[in-house]
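Next up: just one chain, as structure tokens, the form predicted alone.
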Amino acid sequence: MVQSVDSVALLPAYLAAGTAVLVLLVDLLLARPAATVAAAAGGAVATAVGAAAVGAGGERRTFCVGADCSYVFGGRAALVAGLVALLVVGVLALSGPLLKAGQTPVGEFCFLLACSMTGGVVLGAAGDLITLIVAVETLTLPLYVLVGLRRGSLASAEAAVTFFVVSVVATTLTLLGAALLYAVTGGLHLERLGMLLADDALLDLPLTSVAVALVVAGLAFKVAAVPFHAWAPATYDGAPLPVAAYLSTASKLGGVVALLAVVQHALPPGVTGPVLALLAALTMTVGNLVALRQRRTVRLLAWSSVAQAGYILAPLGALALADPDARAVAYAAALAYAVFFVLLELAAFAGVVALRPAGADGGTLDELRGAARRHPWVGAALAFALVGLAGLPPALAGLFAKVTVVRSLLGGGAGWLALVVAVNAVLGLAYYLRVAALLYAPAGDATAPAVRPARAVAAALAVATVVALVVGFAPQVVLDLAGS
């Protein structure tokens, strides 16, 4: 059979990959950092626009053999591709002070970021396990270098090695699981796997259980779910702040999308549901309890990111008990929460970058004391992001995210997990509000460096805050796209 190829469906991927090539050429021919960053940002914006345009035309399938397609670009894929591209624009804005300081080579930084964006764009449309795993690795591989790209930083090098070793193990587990699934079923396309694994004879095979466990475990590493989370705090804290922001947003979004794709289309919900429910409960509880004890800013955000991964996984924990309609709601709730989370997380990191010297790490919480008194607008935006992550108004995006998760759990018959989410939401208030209050506390004897936020960073913070605020007033739009 001859494969069909739809170049319109592939347009966002073409634009993302073309951005990487364009960055290389601009850096080689012009050798001007500003032009290189502008090329990367322009390519990312074009990718987001292309994704929105293609997604608006309805679902498109390509690389099809019969009814099995390796690339399916619809509303959800457009949402993921557009969001990843816009996150790249935001991270480029946050990276302005770092790149100007000369500690990081501009051309390599922008090229690696564009390569990672290509993986994120393809990931949302992956229709088989090979495309999915290659897209995840394309998203992740450049980050090994980006984490360690800061010259003369031992912490950055250690973080890169930690991230590399753990991620290689995760990829190995996922590939082994995919190979075993192919050995059991003879198929790799997600929808076909779902039909084949509906057969009880295949499902009862020990090899099938091992394969499903390996795939879920490998992708849980990417999401930083407990007990596969230990790499995240050390990696985030050692990476340059803009890279840590990208890890906590685009990279986590990619892990969520990959896990959601295999759970929704390929793996049997009766097997994955209880496992994901346990992972979700452990992840949010451990993340919140350890975050309470943190004194370094980025480590607190890293542990809170672990807890947020638990909230994202929670709707998937109700799959074993839910009917098909309730499962569809659960899938949409998980992705919608991830979208709300990455917007608020980017705003939080932008606030930290704005309050720190160029090229510095996140520092300690004490160094943020009284920051909102010195920089009222930046402090207010950072407080808004923290309150949103806690799930409180006026940051309605965070509030609706948690309401959506709890509603999907109650509708799926997992009331106990909804109770765990509610208890952990209260635990999260303790450290999110503590940091928000610290921003407005009297400076006392704290010695915080005098910083004037860079214009690009302030603009990124303002845009992320406004987008999070606007999305909070239109949560149903995100839910509809997540469910399409």
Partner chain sequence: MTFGEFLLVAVLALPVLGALAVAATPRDRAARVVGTVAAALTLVAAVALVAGRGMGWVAYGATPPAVRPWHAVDLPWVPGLDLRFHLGVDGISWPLVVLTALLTLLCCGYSLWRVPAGGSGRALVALLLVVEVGILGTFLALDLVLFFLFFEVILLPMYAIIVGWGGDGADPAAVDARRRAGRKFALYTLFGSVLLLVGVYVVVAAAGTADIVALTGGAGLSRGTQLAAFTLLAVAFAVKSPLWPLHSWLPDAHTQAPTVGSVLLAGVLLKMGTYGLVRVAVGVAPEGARWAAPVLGVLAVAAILVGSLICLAQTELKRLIAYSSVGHMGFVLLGVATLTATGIQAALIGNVAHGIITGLLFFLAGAIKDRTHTGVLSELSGLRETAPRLSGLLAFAAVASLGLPGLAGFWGEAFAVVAAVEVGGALWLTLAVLAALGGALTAAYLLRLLRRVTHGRPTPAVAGLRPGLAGAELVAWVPLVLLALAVGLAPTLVLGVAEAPVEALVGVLR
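Residue numbers count along the first chain shown, from 1. The shown structure was predicted, so the numbers you read here are calculated from the model rather than taken from an experiment.
This protein has a second form, the form predicted together with the partner chain, left out of what is shown; the following refers to that one.
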Practice problem: Kindly confirm or deny that 4, 48 and 76 each have some heavy atom within 4.5 angstroms of the partner chain in the model of the complex. | Solution: no
Self-check item: in the model of the complex, the one of 375, 100, 407, 192 near the partner chain [non-hydrogen atom within 4.5 angstroms]
Solution: 407
Practice problem: Heavy atom within 4.5 Å of the partner chain in the model of the complex: which of 184, 169, 188, 392 fits that? Just give me the one. | Solution: 392
Quiz prompt | 4.5 Å heavy atom contact, residue 399 and the partner chain in the model of the complex | solution = yes
Quiz item: Are any of the heavy atoms in residue 359 no more than 4.5 Å from a heavy atom of the partner chain in the model of the complex?
Solution: no
Quiz item: Looking in the model of the complex, any heavy atom of residue 475 within 4.5 Å of the partner chain?
Solution: yes
Quiz item: Does residue 403 reach the partner chain in the model of the complex, with heavy atoms at most 4.5 Å apart?
Solution: yes
Quiz item: Counting only non-hydrogen atoms, which stretch in 59 to 67, 23 to 31, 36 to 44, 428 to 436 is within 4.5 Å of the partner chain in the model of the complex?
Solution: 428 to 436
